[in-house]
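The chain below stands alone, shown as structure tokens; this is the form predicted on its own.
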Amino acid sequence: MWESKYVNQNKGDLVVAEVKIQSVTKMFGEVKAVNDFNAVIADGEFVSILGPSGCGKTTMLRMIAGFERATYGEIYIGDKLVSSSQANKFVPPEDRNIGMVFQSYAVWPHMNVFDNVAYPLKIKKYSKQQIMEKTTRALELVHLEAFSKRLPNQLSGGQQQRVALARALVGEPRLLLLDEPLSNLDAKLRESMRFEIKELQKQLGITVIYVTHDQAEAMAMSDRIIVMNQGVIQQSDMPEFVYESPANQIVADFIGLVNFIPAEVSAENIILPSINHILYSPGYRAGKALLAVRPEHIVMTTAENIGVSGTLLHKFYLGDSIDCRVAVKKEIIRVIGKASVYQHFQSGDEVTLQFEKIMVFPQD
């Protein structure tokens, strides 16, 4: 098994793979693709950068890798400054001791699996014995040792992605960067690969920065999630806090499912004019706001006078759960619950909704 930290041959000490990003901005002409990005990724941490297409997450990853140069700011990998606009310093990708896996598999079709994985070592002039040992070890890590002589067109999509992962790991990098590596796989394979990548990271103890637009991937794999929108960090926190306590409406909307209802907050109450309902909930800042409630935090019953009355419009059977749409005055509210609980409800039923857990976001 590889060590989780790599020995610095000059100093004889351990080199950590902490990544520090300080006030990094990337301009493309007049457009700020990344705006004042600040983050510290700890040694051995698995951090996902999550956001919609065009939010700047891949650009940030490419700056860490060295494929793009930051317009402003500094990037450190370990104690090494690899990019600085002030010091006019820039370390090329091949000298950053990183591994990278792209969205496309990027495996060479004319090379067999072994040669694909061994290629980075050959470029760096490793000995034949070192190439054999390190490549064999990398293939064992991704369970492809029996496929070493096959060509990529003889492999499944998941196996090709494992080849790309082995090639990124073969040089024993201290930092692994992944740019939406599972987006070309089918749903079932994507789910299994999530856990394989996470197990590999735990086994090797390396630092991972993972870019994705898939919230389920980020939630399942990450120690911490950095949510971006329009080039700006919206929240950086553990997955459960990002989900349960989103910093703003943007994060709440992007992570999971959510109902938004216009609200007016007073000293003690939250007034919901569009559904003609008032919640007693002190402690929020007075003024116009949005009430947010996740579909699984709403209980649908047939009891009267204990919540908000509405009409069940549609229900969708999802196997373990049922996804419902309920008309309440001017709003269509989404409710999700266990199939065993909601299976007896029918479209057209008069129902009552109880909000078990709410979030309130000031309009400004």
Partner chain sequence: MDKKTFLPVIDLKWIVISIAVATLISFTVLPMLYLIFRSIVVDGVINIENYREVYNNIVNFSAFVNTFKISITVTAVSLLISFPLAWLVGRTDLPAKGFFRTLFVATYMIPPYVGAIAWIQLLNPRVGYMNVYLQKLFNLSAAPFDIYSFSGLVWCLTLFYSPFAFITISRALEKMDPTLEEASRVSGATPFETLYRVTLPLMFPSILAGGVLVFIGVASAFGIPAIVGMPAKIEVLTTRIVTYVYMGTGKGIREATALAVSLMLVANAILYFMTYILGKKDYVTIGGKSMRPNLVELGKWKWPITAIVGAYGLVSVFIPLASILVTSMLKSLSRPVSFDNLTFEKWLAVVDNSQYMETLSNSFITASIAATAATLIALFVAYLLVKTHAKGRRIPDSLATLGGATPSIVIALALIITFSGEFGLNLYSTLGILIVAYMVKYLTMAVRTIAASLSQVHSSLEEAALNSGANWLRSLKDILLPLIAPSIVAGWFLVFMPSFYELTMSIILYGSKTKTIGVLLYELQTYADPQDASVLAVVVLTIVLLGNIILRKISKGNVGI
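Everything quoted here is computed from the prediction, not taken from an experiment. Residue numbers count along the first chain shown, from 1.
Here the subject shifts to the form predicted in complex with its partner chain, a form of this protein not shown in this document.
Undergrad: With its partner chain left out of view, which of D186, E140, E268, E94 would have a heavy atom within 4.5 Å of it in the predicted complex?
TA: After the contact test, the surviving option is E94.
Undergrad: Answer with one of K125, K288, K80, K149: the residue that has a non-hydrogen atom within 4.5 Å of its partner chain in the predicted complex.
TA: Of the candidates K125, K288, K80, K149, K125 is the one lying within 4.5 Å of its partner chain in the predicted complex.
Undergrad: Only one of 110-118, 249-257, 190-198, 278-286 gets a heavy atom within 4.5 Å of its partner chain in the predicted complex; which is it?
TA: Among the listed stretches, the partner-contacting one is 110-118.
Undergrad: Please tell me whether any heavy atom belonging to F102 falls inside 4.5 Å of a heavy atom of its partner chain, as the geometry stands in the predicted complex.
TA: The answer is yes: F102 has a heavy atom within 4.5 Å of its partner chain.
Undergrad: Can you tell me if F316 lies within 4.5 angstroms of its partner chain in the predicted complex, counting non-hydrogen atoms only?
TA: Judged by the heavy-atom cut-off of 4.5 Å, F316 is well away from its partner chain in the predicted complex.
Undergrad: In the predicted complex, does M132 come within 4.5 Å of its partner chain, counting heavy atoms only?
TA: No, M132 is distant from the partner.
Undergrad: So, E217 and its partner chain: in the predicted complex, are they within 4.5 Å at any heavy atom pair?
TA: No, E217 stays farther than 4.5 Å from its partner chain in the predicted complex.
Undergrad: Pull the contact list for 155-170: residues with a heavy atom within 4.5 Å of its partner chain in the predicted complex, in sequence order.
TA: Residue within 4.5 Å: R167 only.
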